[in-house]
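Here you'll find one protein chain in two forms, each presented separately as structure tokens under the names structure 1 and structure 2.
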Structure 1
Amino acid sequence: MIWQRVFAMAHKEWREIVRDRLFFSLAFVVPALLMVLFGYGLSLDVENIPFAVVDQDHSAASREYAWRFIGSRYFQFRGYSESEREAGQQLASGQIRVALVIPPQFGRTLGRGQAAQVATLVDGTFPSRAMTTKGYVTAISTAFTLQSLSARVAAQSGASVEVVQKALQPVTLETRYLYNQSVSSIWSLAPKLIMVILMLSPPFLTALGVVREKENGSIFNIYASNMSRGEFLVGKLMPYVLISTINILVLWLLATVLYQVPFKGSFLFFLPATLVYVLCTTGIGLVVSVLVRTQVAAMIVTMIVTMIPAVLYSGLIIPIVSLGSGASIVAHLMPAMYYTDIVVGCFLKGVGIESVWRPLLVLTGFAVVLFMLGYAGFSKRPST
């Protein structure tokens, strides 16, 4: 391999990238734009749930129970509804997501020491959010029940409410959230968005860059030259690896500065590990480029083979352990899953190579295999 030819090819490719404004935007602007759009638009936090109250009792107990929800940061009060039917209409129109229906005689039933039933109507069109909402309702109702029962027992026994609460609740659960103490979804999503964007951008650019040579006919100059296919491929891909390196720094800054995600690991490990992942995704683009002849086909195939694994089989939204057996096998055949372990570990857990050497080794294997396939598939002889 003659490096002078390689650098000449890389310089030529870089000039074409800079000269083409659309391609330049795809290389440098789109990755950062995707990070901003996905970061602000994709949230898994279940807060400010709009709800209404149907208070058919109008007692002090019913108002106190309703205020437990009104004062919670997880719910957003949209007013009282006159009837359960009206609340149902609000649910159907999307004005609210939850309706609390407090029955008549709610306060008197509690005053007699009997159990009172409260209906909770939850919009189930978003199942995961509905289940989380149910958990909030259950927790608030349990706290209200404990306080009411404690107050009643304390009044009868003469003991303090605190003593009665400890007696009624002998086991106290204290939960500590590790690595993401605020349980903020953006802390989890921002590192994974780096994985998604680096799965989409490098193969997209690489496939278009190589196929463009075929489509405009300039590939015949390579066929007629004494440049080897290895020199051509290395020189062709060098600018895209450089662009991806710049994008890594930009995405890291957006995650840490814009979204305030803590970076607890070593940047000296994160950058080389991410470059290995970029080589994997660049290899995907190289393989696609040798299989198709037009830029439109390259875009379609690249989007299919990168978008689906990056979203569904990487742990972005659904944990890998929650996937079915077939989906789990597919996930293990994709590089996105392995890099997710690395990037989340670097950002939130502060781990290094001693903890994630296995996924890094797998990514290295992916990169080697993909480049071997791309090299074997590319020929200096034009296909007929």
Structure 2
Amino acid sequence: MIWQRVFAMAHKEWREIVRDRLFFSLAFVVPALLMVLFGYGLSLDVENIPFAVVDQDHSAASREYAWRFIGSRYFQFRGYSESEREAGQQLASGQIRVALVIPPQFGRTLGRGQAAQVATLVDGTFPSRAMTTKGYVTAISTAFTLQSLSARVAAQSGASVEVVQKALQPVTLETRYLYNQSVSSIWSLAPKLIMVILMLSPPFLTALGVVREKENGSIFNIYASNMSRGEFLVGKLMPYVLISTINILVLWLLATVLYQVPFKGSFLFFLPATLVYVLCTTGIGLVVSVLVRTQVAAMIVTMIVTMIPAVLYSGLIIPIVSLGSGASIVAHLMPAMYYTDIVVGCFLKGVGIESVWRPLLVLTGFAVVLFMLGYAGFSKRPST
């Protein structure tokens, strides 16, 4: 490999990129913009759930029960509904996601010291949100039950309500949240967004860059030149890796400065590890580009191969352990999942190479295999 040729190739490619002003600026704007948009918009917290109350009882107890929900920050009260049917319609149209139905005799049944029934209707279109909502509803209902129970026992035994309430909770739960003490979703989200964005943008740039030469026919210059395959590929990819490296820094700054995510690990480990990941994703772009002949196909194949797995099978929204077998295989075949371990480890856990050497090794393997595939697939004597 003659480095002079490699640099000449890299220089040519760099000029081509820089002269295409729109493309050049988009290469930097797109990752940063996505980071900002998703950081603010992709909130997995379930709060302010719009809900309505159907109070068929109109008693003090039913109002108090409803108030437990109205006053909660998890629910956003959208008014009383006349009937269960009306609430059902609101639920169908998406105006509310939860309806609380308190039947008649609610207050009287409780007053008699008997169990009262209440129904909650939850919109199950989005299952994970429905699960979380169920958690809130159960918690609020349990708190109310505890209070009404202690009031009753206190009245019978003569002890004060506080004492009874304590006696009814002989076991308490003290929860310690690890790695993300405030359970704020931006802290867990931002590092993973770096992973997703670096999965999207480098392969796209690379695939388009290589296929562009193929489709325009300018690649015949390379076929006819004395430049070797390796020299061409290394020189060609160098500028794209450089752009992605700058993007790594930009994304890291956005995460730590804009979103104030604590960075507990060492930057000197984070940067090279991320660079390995970028080489992997660039390699995906390379493999796609030797497979396809047109830029349209390059765009679509890259999109399907990178974007969807990066979101679904990388641990961004769904942890790898809860994936089914088919999806889990796909997850293990993609570099994103391994890098998630590294980036989350660097940001939130503050671990270094000693605990994430395994994923790093896998990533290195990926990079090597992908580049070998690209090298083998790229021929200076194409069959057609």
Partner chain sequence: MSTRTREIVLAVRRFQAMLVKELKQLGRDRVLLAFILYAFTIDIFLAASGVSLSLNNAATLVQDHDHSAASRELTGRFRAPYFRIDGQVAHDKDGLAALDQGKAMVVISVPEGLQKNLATGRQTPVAMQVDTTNSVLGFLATSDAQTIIARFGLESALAKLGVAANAGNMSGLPVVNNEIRVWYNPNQDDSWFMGISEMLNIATVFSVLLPAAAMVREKERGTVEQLVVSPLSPLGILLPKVVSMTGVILCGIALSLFLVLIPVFGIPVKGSLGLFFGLSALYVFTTAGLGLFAATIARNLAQAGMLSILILAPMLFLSGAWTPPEAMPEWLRGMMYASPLHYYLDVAFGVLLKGQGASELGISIAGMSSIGLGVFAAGLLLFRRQFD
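Here, rigid core means the biggest group of C-alpha atoms that superpose within 1.5 Å across both forms. Source: prediction; values computed, not measured. Numbering for residues begins at 1 and runs along the sequence of structure 1.
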Inset, instruction - Look at both copies of the chain and name the one that is the form predicted together with the partner chain. - result: 2
Inset, instruction - Align on the rigid core first; then say whether the Cα of Trp67 has moved by at least 2 Å between structure 1 and structure 2. - result: no
Legend entry - C-alpha of Ala154 off by 2 Å or more between structure 1 and structure 2 on rigid core: no
Legend entry - Phe38 C-alpha moves between structure 1 and structure 2 by 2 Å or more, core aligned: yes
Inset, instruction - Look at the Cα of Gln260 between structure 1 and structure 2 with the rigid core superposed and state its shift in Å. - result: 2.7
